[in-house]
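Have a look below at one chain only, the form predicted on its own, in structure tokens format.
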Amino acid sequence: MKQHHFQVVITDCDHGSIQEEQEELDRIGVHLILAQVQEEKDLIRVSREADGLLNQYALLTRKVLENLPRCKVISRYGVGVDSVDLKAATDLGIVVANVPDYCMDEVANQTIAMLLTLIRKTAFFNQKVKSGRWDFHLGTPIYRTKGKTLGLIGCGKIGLEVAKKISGFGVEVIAFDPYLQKVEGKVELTDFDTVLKKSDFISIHCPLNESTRHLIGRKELQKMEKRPLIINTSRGPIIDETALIEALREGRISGAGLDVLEKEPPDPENPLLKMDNVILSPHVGFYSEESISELKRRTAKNVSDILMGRWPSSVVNHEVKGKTRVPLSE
């Protein structure tokens, strides 16, 4: 019988097969358990003996983590780690890792697809033609894209990819990112208010945390002098949805493309569902067959790296260095 040196639990995932994870972790003798649980007590029960966790949506609270004496690593399927109590993990010596760039191309394309759909009103016209109305006047005015300004809120890897792609359309790019001093490519770093005031289009690419929750609220929407189109392919709660709906109704912004919402799926009564100048998609920006396969493999590799005593390629809680539950080499 095969000898297992470690136990690793997948708390929850919605990817169907776990073949890539199994292949990666088999190499180091892992007994892999797919738990599919989200309740606190169930997470503690299934993970108590785990050396590592792979996690998608289940909330890993301080209480859960304090009950996992053997856990050395949590690897999140994806970029955001808002499902993990990072401070608790750091206090306990647990490394939290993510996969920050597996879907750069997909999210950048989703952003630009939504933006062009709104600029050229393709979804709107598609609806009209299919309901028997062949009249371009229904969608006027439409403005030229070339020469306009896109403002990025957050200019990490995905933001930069959007900037690179959109520049082919003759669009200038400015960006606000408090964590950057300089940026590559044709992007001008500026302050938050300048992005709000000068942008014809605004696209959000920052993580969700306490400082970015409702970063775009009533006050910020009022500063948007050019009635911009707003695209959000990041996290729903970065925009105060009530304030956004109000700004759309009052015509203070021209439209919105939202791949993410404050409540997913939305309430059937959500006014955004009825607005012609709003396009919605079901948090699909990350997805392609290739990106999912890469994500699964790399999420598992973060765990195998730690269990083999190596730092993984992307650690989220850097403060854990020097107090990890397992000695690690670079």
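Just so it is clear, the model here is predicted, and its values are computed rather than measured. A residue's number is simply how far along the shown sequence it sits, counting from 1. Each form is matched to the other, and the largest set of C-alpha atoms that superpose within 1.5 Å is called the rigid core.
The discussion below concerns the form predicted in complex with a small molecule, not included here.
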query	finding
Output flag, 123, 143 and 172 jointly within 4.5 Å of the small molecule in the predicted bound form, heavy atom basis	no
Contact of residue 205 with the small molecule in the predicted bound form (heavy atom, 4.5 Å)	yes
Partner proximity in the predicted bound form: residue 266 to the small molecule, non-hydrogen atom cutoff 4.5 Å	no
In the predicted bound form, residue 157 touching the small molecule (heavy atom, 4.5 Å)	yes
The small molecule contact in the predicted bound form: residue 76, any heavy atom under 4.5 Å	no
Location of the small molecule contact in the predicted bound form, chosen stretch of 162-170, 247-255, 127-135, 229-237 [non-hydrogen atom, 4.5 Å]	229-237
Contacting member of 220, 85, 177, 241, with respect to the small molecule in the predicted bound form [4.5 Å, heavy atom]	177
Of 195, 115, 81, 103, the one that lies within 4.5 Å of the small molecule in the predicted bound form (heavy atoms)	103
CA of residue 79, rigid core aligned, shift of 2 Å or more between this form and the one not shown	yes
